[in-house]
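First, one chain by itself in structure tokens, the form predicted alone.
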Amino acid sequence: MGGEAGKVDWYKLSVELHRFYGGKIETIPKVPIRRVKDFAIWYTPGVAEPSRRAGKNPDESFEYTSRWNTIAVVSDGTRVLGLGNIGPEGAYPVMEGKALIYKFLGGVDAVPLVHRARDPDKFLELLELVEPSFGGINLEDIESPKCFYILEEARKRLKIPVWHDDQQGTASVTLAGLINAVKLVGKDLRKARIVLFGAGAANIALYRLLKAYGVPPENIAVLDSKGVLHPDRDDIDRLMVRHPWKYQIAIETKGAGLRPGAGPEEALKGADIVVAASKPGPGTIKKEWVAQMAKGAIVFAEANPVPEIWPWEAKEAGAAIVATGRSDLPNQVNNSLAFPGIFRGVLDVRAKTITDEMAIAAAEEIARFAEEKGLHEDYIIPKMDEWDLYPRVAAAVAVKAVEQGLARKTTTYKEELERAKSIIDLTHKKYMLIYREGLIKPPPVDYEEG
């Protein structure tokens, strides 16, 4: 299976190895079990006292159980990766993969929870029913616009952090990249003309985050398949009923000064930044559109597996900075830079929610990390294997939760940095130990060179 990266059939290899290992995660005890009598502590009769205390004060369940470090990765399988509506069974491998990343990068125990509750209110009821088992919820791969309603309502109803990675995760990492990209081209993000190409989960969340960051709404043009979201658009009344999130953007941005019905070519003319989170390319964004952007243009083309425009095409058209969602190209907008550290931080302070301000704190810390390493046009955001990043994100988010009065425990940046580093390092040490001891079998095929 070795050789050039392009020669590796990752789909075939993944199927083979998923079958070989029978999944990617497992549960293993974390307490000493030296003799049968130990169960008198961990189970009956001793367990009755922690249970009694947690029953009287539910917050104590975080102290006596693994709830403090356990989240659910929840999906109905209605919009999985680039695969679409493939159902909960189809979603499970992705949710399990997410759980693996949570553990390895953040030291967070994550449980895949896929289900058949397609109705949004039944979905929410499910979250409310299982809330006592978890310290947080990661929503994943849910169709739009249902995903917006579920996130908003879940954040109101649950007293634990609820996060939709397709919205907040992508938006946080994109914001981090934009913060650094504008530094390289000498612009001010809060004064830039921004086009959000695509009005799905990622860009609607990014709009909200940009607004919270201080970008005036009228500086942001948001385009869906029918053109710019504008208060005078023909379908504005239908949007008000069927998609109130698009409607709100149309009203707040006033179409960013464009005419009703304006399309991408018109919107990109003179724009400083375009962030595309739409359908895969190539050719979804045309070179001639990029050529009409302002000098020092920034292009984020985040569709997978093929970006809306290839980076070299965008640069040939005059773009100064280009980012994509691909790991084999520079400046990957990778959600994994955000969510492991964010949940490490909110779990450690027993936060009750994740706010936009916490997501911005994470974005600023991610941007700061890359800046300290040395920014250049092919390095505006960290890479996934820069392990020192994750404790820093945890610390920034934990402190912000405390500042906002949303944490059950207090901490300082330094305290959480050390705590998060210790938890994540211990996870890596445990993993390397059991792998070296042969308790995890080596893969039956060699793909290292691929």
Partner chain sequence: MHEPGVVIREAMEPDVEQAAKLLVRFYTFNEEFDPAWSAVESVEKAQEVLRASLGDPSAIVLVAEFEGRIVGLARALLVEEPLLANSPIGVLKELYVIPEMRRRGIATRLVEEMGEALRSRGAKALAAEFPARNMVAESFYEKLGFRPFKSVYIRETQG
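Positions refer to the first chain, counted from 1. Predicted model, so just to flag it, every value in this text is computed and none were measured.
A second form of this protein, the form predicted together with the partner chain, is not displayed here; the remarks below concern that form.
Enquirer: Looking in the model of the complex, is the partner chain within 4.5 Å of a heavy atom from each of 242, 247 and 251?
Expert: Contact check passed for all of 242, 247 and 251.
Enquirer: Which residue, 231, 281, 145, 217, is the contact with the partner chain in the model of the complex, using a 4.5 Å heavy atom cutoff?
Expert: It is 231 that has a heavy atom within 4.5 Å of the partner.
Enquirer: Could you tell me which one of 237, 372, 125, 265 places a heavy atom within 4.5 Å of the partner chain in the model of the complex?
Expert: In short, 237.
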